Structures are given as structure tokens and as C-alpha cells.
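First, one chain by itself: the form predicted on its own, in C-alpha cells.
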Amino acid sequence: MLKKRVIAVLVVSNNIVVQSKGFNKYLPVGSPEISAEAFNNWGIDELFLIDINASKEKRLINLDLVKKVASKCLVPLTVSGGIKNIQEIGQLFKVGADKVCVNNSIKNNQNILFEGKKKFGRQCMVASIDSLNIDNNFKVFDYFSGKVTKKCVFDTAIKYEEAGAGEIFINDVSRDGSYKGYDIKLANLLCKKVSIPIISCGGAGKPEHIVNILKKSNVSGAAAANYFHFYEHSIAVTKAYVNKFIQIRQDTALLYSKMPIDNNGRIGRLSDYELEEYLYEKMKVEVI
């Protein structure tokens, strides 16, 4: 059985990583390549690089930026931003992307998913859906216009799977930047509608939220953006906490497995006895 994934999202605006809240407020964080290198070293399973301005500006995400991030990334890299055709997908793969994530270009025409599946393989094609909860009805949000549509999230996901998507990246606009946790109801309903893997994003604010979405739904991965920028080694600490409840990949030296961690991700203090065990090597008394 495949282990569930913890995924970091680098939201980029003007080639700078930003924190997003409700898709309308953005706080600068820093360099995408530096963030990618740190997240890779801290043990992230996958990385998403998303340019939120590319489609609105009618351009492809900066290829040089993708190349720089890919050079620092030893885990699967999914790239999104302004992708309009199969030729641009090929360009992204040439500069280091492992998968592409398409959103705006497939809302009215899913042909790019079919062509991408045919040429590169279904596993390379991720379809992104921005979801907004309107009175317990999950509707597709159009970030391009900033308005909610009449399209049902679940019907849209089914269309994308039929067209050739290998994964669905569901971004919950209702919880973006809220730190209230993922919408488990949305995840469970979506998992019942399609057979391809689902990645949930939107609402992560502490390790407990990631445990909840991975344990209480059938999603393949839990993605987060803002949350992982909070503190040093955030991913390693989060994965150490999550691994106590559900088995996930642990492939970095920064395990924190013996450290007490509360459900908010705060590391506690070891006892004096435990610290002594770490500091001093026990030597056997020599008998003459």
C-alpha cells in the first residue's frame, strides 16, 4: 500500500513566494529556490510550485524560475501557472518539472488533459479545482474573475478524470489561510466520486490538521503552503508528529521521533535524565 504524502506548496507572485489568505491577501515570504531547498532538506514528500499571476497575465510560469527550483528539489516537483497547451507542458518538463498542474485552461476545454495523458502519461497530469463552500454546496471558484461559478466541484472532478487527469488537487478557497483545518467532508465526498488520487489543500494550521485529513479521509496527500513557513524544520517536526498516528515517509535525518511534540507542533523539553543520555557516553567500569 502506498504511503500518504505530505506536500508543500510554494505560491509565487512576481517570482517571490507569498502567503495567501482567501485568495485576495498576500504576504511576501522570500526566494522560491531557497524555500525549495529548505523543504527538501526537511523531508517533504513532494513540492508544488504555483504562479498565481501567470494566467491573468496570459503567460507561462517563468521557465528560469522552474529550472532554479528544480535544481534544489530532489522530490517530485509539480508546476502550475499559465499552462495553455501541450507544447508548454513539454517546455516545463525540459526544465525540471515532474508533473504539471492545470486549472484555468481546462475549465471549458479538457482537451489538454487528454493530449497530456497521451503524450506524457496520465501520472504527469494534475487537474486543479478551486472549491468554495456555498451553503454546503461545493462550487467551482473562478480565481481568474474572482467569482464563484455554478459548476459543481464533484461533477467537474469526474469530467477531469474522464479527460485524462492522473490526480485532482482540490484547493479549498473557503479555508485558504484560515488555519482552521481541512474540510474533511469535502475530501470524503470527492474521494467517492473519482478513482484517481486526491490531494487536499487549504486550512492547515497545525500537525493535528494533517493527521485528521489523512486518517479521516481517503485522500492521497495533504498539501499546505502558509503553515510550513512558520518556523525552522517545520516539515520535519510535522511529519514526526503525524507519524505517531499514521505511517508516512521518514527519509531525513531530522526525525524528531524522540521529542515530545504537542498537536500545535510545539516541541517540548526532554527530562534531565533523557538529556543526560544524549550528552554522555556511558563507560563500563574497568575491573582489574
Partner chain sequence: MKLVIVDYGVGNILSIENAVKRLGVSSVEVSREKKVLSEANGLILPGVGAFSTCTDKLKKNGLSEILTNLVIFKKKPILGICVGMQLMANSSKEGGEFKGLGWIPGKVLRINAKKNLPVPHVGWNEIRVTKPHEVFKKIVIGSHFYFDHSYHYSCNTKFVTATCKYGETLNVAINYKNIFGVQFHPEKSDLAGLRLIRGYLNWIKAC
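Remember, predicted model here, so these are calculated numbers, not experimental data. Numbering follows the first chain given and starts at 1.
One more form of this protein, predicted together with the partner chain, exists but is not displayed; see below.
Contact here is defined as any heavy atom lying within 4.5 Å of the partner chain in the predicted complex, and by that definition each of R5, C73 and E167 is a contact residue. Site annotation in the predicted complex: the residue of C101, A97, V153, L214 reaching within 4.5 Å of the partner chain with a heavy atom is A97. The contact with the partner chain in the predicted complex, taken as any heavy atom within 4.5 Å, belongs to I196 out of V140, V173, A163, I196. Looking at 223-231, 63-71, 50-58, 27-35, the stretch with residues near the partner chain in the predicted complex, meaning non-hydrogen atoms within 4.5 angstroms, turns out to be 63-71. Though the partner is left out of this view, K118 does reach within 4.5 Å of the partner chain in the predicted complex, counting heavy atoms only. Among heavy atoms of F144, none comes within 4.5 Å of the partner chain in the predicted complex. Contact check for F93: a non-hydrogen atom falls within 4.5 Å of the partner chain in the predicted complex. When the partner chain is considered in the predicted complex, K159 lies well away from it, no heavy atom lying within 4.5 Å.
Contacts to the partner chain in the predicted complex (heavy atom within 4.5 Å) from stretch 219-252: S220, R249, D251.
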